[in-house]
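Single chain ahead, written as structure tokens, the form predicted alone.
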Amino acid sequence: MSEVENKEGPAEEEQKDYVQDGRNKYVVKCKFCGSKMLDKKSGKYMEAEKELPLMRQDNNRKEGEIQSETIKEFYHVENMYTFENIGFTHTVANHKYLSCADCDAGPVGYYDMDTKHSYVAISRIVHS
């Protein structure tokens, strides 16, 4: 699980409708239960490639196999106390996975044990 690319801020020609001034324009919520995770403007938009386990694993997979996907857009959160509601898993390869503290859906991102920064996968949350 290595980050290949790390660009902060959206490219001028690719301005996302959920990003304003390089930060989340809307409140970030769990896509399953609607629990609020982040307030507006509390996460910095960034592009990076990171492998995260799928939120729902296929029941027909091989024993011990963890299915994953590459995520490319995140909100970078420097201080874990910025979150309104977030859960942390056990440590896996110097990372903790982030989950919804109310319904345990996840991982919605990861926490880097070295930098003490969190990264919320934009494809795994909803904006409101």
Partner chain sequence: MAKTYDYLFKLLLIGDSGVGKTSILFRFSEDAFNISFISTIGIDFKIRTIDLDGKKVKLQIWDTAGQERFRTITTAYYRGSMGIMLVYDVTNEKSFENIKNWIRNIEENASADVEKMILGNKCDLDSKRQVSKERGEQLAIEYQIKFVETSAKDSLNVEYAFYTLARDIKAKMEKKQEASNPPGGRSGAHQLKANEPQRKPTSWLSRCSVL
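Note that this is a predicted model, so its numbers are computed, not measured. Numbering follows the first chain given and starts at 1.
The same protein also exists as the form predicted together with its partner chain; that form is not shown, yet it is the one meant from here on.
K.L.:
Do Arg56 and its partner chain share at least one heavy atom pair within 4.5 Å in the predicted bound form?
P.N.:
Within the cut-off, so yes.
K.L.:
Do Asp102 and its partner chain come within 4.5 Å of each other in the predicted bound form, heavy atoms counted?
P.N.:
The answer is yes: Asp102 has a heavy atom within 4.5 Å of its partner chain.
K.L.:
Residue-level question: is His117 within 4.5 Å of its partner chain in the predicted bound form, judged on heavy atoms?
P.N.:
Residue-level check for His117: no, no contact with its partner chain.
K.L.:
State yes or no: in the predicted bound form, is some non-hydrogen atom of Ala48 no more than 4.5 angstroms from a non-hydrogen atom of its partner chain?
P.N.:
So Ala48 does not count as contacting its partner chain.
K.L.:
Using a 4.5 Å cut-off on heavy atoms, what residues in 61 to 93 are near its partner chain in the predicted bound form?
P.N.:
If the 4.5 Å heavy-atom criterion is applied to its partner chain in the predicted bound form, 61 to 93 yields Arg61, Ile66, Met80, Tyr81, Thr82, Phe83, Glu84, Asn85, Ile86, Gly87, Phe88, Thr89, His90, Val92.
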